[in-house]
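So this first bit is one chain, no partners, the form predicted on its own, shown in structure tokens.
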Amino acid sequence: MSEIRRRDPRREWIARNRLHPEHASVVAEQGGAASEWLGPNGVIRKNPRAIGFIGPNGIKRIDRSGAQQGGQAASAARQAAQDSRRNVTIEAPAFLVAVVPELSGGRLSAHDKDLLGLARRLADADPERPGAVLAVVFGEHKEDAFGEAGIDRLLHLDDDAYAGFAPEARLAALSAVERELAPRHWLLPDSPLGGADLGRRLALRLSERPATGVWQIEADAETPLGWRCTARGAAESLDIQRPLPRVALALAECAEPVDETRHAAEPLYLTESIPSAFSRIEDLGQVAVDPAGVALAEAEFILSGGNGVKDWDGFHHAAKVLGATEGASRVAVDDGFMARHRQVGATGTWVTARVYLAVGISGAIQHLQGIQTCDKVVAINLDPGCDMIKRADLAVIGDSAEILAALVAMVEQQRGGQRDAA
């Protein structure tokens, strides 16, 4: 049998051409990016345009296609990583680490996942006597990946008494959890969305001196619970170290989120009934906020315009109807269509929106860097080969003015039908 290696020049060319329709399948067959291949004379050829290629001047190629930022290729890679996670079930945990996530928007936020990663560090510190992470969730939610976030036990309290701003009712429930399950640690997010307030109320109820602003923990056998924490103090001007108490309020990025294991997230129920707490607080509901007044860094839904937007009046109307915060590319800002504080990207504002709707934006690398942590990216563009289309989770090819007008009409029609039904 001949040992001569047969080449397929056409498939090699497709592997090097990321705009070819068959590029993704050919690269997958080769087990990765086509950065190297065998030339006709037996010499290994290298692709200087491959992602990660380091040139003679030490300059590394940056991904403009969105694979590193999280486009369709990265979504497939994330799904493959999800499928390859190791399943973990803790039958008889030695102790519990209780976490009270905020579930902003009904789903685990990045802050919640960091907090659960911190809880896993505490629970998995001793392989001989592992603990379990207990999540206490209030009200309705849309989350279906509690196990992927590192949760072993899930206590879901969906009574109407916990809806909205109800700190006294939630505190009564957490007190019942404390009496029945006695977690070794209580972890809550130190944020203004409710975790900071509830955590301090819980610490007072348990007669504990909480650690606030925690951003790091490390093992310390000389402390009562075996851990020492580092927290921000003095208006975040210095770090304070102290033994980790039972109640800790942690900042975002306090730990790496769980990404290698999938846990059981088994439902848990309390045997004792939770006493109804007399509430001295009346929740008057949420106050309507003008999306135009929301800072880009805090916005959940962003409608962003670029050089492809020709009807800016229609764009502003669409943002108002959809309830979206307006953003823009650098080109649109430089042309004077949007204010400088609305610029999205590495040279503007890094955004973490749950939905980012990019209209007429081609996708410069600085812009892709600024939206890399957005959950879902929707792109409207006339160019099917632009980098923003490759980055998007959902792409719509067509005229932006017509598509936005149709979207606005659908929203207004649906709202009109709901008013008629009411």
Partner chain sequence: MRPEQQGIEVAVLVSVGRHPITGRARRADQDARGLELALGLERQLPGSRVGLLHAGPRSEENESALRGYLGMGLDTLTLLEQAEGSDAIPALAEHLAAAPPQLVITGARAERGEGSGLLPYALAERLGWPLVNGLAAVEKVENGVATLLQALPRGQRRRLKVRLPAIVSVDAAAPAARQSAFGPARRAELAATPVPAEPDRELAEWQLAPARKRPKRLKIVKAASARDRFKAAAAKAEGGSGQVLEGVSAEQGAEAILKLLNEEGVLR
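Residue numbers count along the first chain shown, from 1. The term rigid core refers to the maximal set of C-alpha atoms that superpose within 1.5 Å between the two forms. Bear in mind that the values here come from a model prediction, so they are computed numbers and not experimental data.
What comes next is about the form predicted in complex with its partner chain, which is not displayed.
Looking at residue 129, you'd find every heavy atom of it more than 4.5 angstroms from its partner chain in the model of the complex. Contact annotation: residue 342 falls outside 4.5 Å of its partner chain in the model of the complex, judged by heavy atom distances. The closest heavy atom approach of residue 165 to its partner chain in the model of the complex falls within 4.5 Å. Using a 4.5 Å cutoff between non-hydrogen atoms, residue 205 counts as a contact of its partner chain in the model of the complex. Relative to its partner chain in the model of the complex, residues 124, 160 and 246 are all farther than 4.5 Å at every heavy atom.
Here the chain stands by itself, but in the model of the complex one stretch of 316 to 324, 176 to 184, 268 to 276, 138 to 146, 316 to 324, has heavy atoms within 4.5 Å of its partner chain. This chain lacks the partner; the member of 94, 219, 225, 294 within 4.5 angstroms of its partner chain in the model of the complex by a non-hydrogen atom is 294. Residues 378, 380, 384, 389, 392, 393, 394, 395, 396, 397, 402, 403 are the ones in 377 to 405 with at least one heavy atom within 4.5 Å of its partner chain in the model of the complex, listed in sequence order.
After superposing the rigid core, the Cα of residue 174 is displaced by less than 2 Å between the shown form and the other one. In the core-superposed comparison between the shown form and the other one, the C-alpha atom of residue 118 has shifted by less than 2 angstroms.
With a cut-off of 2 Å and the rigid core superposed, residue 215 has a Cα displacement that falls short of the cut-off between the shown form and the other one.
Relative to this form, the distance between the C-alpha atoms of residue 213 and residue 354 is reduced by at least 3 angstroms in the model of the complex.
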